[in-house]
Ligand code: HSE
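One chain is shown next in structure tokens, namely the form predicted alone.
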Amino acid sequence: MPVVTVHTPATVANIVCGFDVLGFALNEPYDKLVMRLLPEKTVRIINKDNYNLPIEPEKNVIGGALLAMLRELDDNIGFEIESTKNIKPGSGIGSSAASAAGAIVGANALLNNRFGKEDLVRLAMYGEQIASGARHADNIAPCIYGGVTLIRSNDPLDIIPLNFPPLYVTVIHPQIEVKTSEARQILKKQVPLKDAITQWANVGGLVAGFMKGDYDLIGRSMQDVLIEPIRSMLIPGFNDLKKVSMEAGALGGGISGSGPSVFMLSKDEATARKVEGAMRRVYEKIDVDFHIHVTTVNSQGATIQASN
């Protein structure tokens, strides 16, 4: 049976003001999946890391996505997956999306690309539902399409890849876990109209900033009056991280997905490295363990390497 290896990237969802509708892919870190076909309709998951994720397909995001794909296939085939996660579960940089999207992209390669990208996103969202309780695509879409994506609608699915200028990303990951399902539960169910108007304006401004390559507009638009004020309470030192990053020259940034990771965008690597140092000093003072990545926006998404 043929074998494929999938490298599937971390992602940043929301991009501050675009809750559940905006996201972008990162070049680092990324997960690795090795996949092969099986001669029966089943999903077999083998974990090659120390995160002790469930191997029962119904409880694992990989299984949830692949079972959805198998329901749409008449073939008597299945998939075996060896999963090596470098994106820590609960990190806020799309760990569950990387697993679900990577599995679907790898399976599609083994099936000689029967499905288009939009269908791949739709199927991978079944895996995301296991992780968060909601079928959202703001991590899945950039993981599959690469770059920056706008999800105009989840049902019917309508994904719009956006142009964007060169961007460097500094991501700090406190070594604590914030579960997406729990981070969604604390959000307000109703918001004031004036706050909704502010949020709409910022989303429109951010999309325009990406499309025009207008760094100043990108920076001005990364303001969140709905989600960040609530979720930031779950992240140690969040306000200080944001303050020192902006002083170091970042365009802007905020919580990555549901947290606890915090990201900042910069025009160039030198600024991104200054932001890294500023973030590091904040967390060294409050004695919180952390990892930091300085990387760029990934324009390819999940990639395939075939082998025999």
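Because the structure is predicted, anything quoted here is derived from the model rather than measured. Start at 1 and count along the sequence shown; that's the residue number.
One more form of this protein, predicted in complex with this ligand, exists but is not displayed; see below.
- Residues placing heavy atoms within 4.5 Å of this ligand in the predicted complex fall in a single listed stretch, namely 131-139, out of 211-219, 106-114, 70-78, 131-139.
- Taking non-hydrogen atoms only, N14 approaches this ligand to within 4.5 angstroms in the predicted complex.
- Put simply, N60 is far from this ligand in the predicted complex: not one heavy atom of it is within 4.5 Å.
- With a 4.5 Å cutoff on heavy atoms, R184 counts as touching this ligand in the predicted complex.
- Shown alone here, R122 lies farther than 4.5 Å from this ligand in the predicted complex, counting heavy atoms only.
- Within 4.5 angstroms of this ligand in the predicted complex, the stretch 229-267 places a non-hydrogen atom from each of R231, G257, S258, taken in sequence order.
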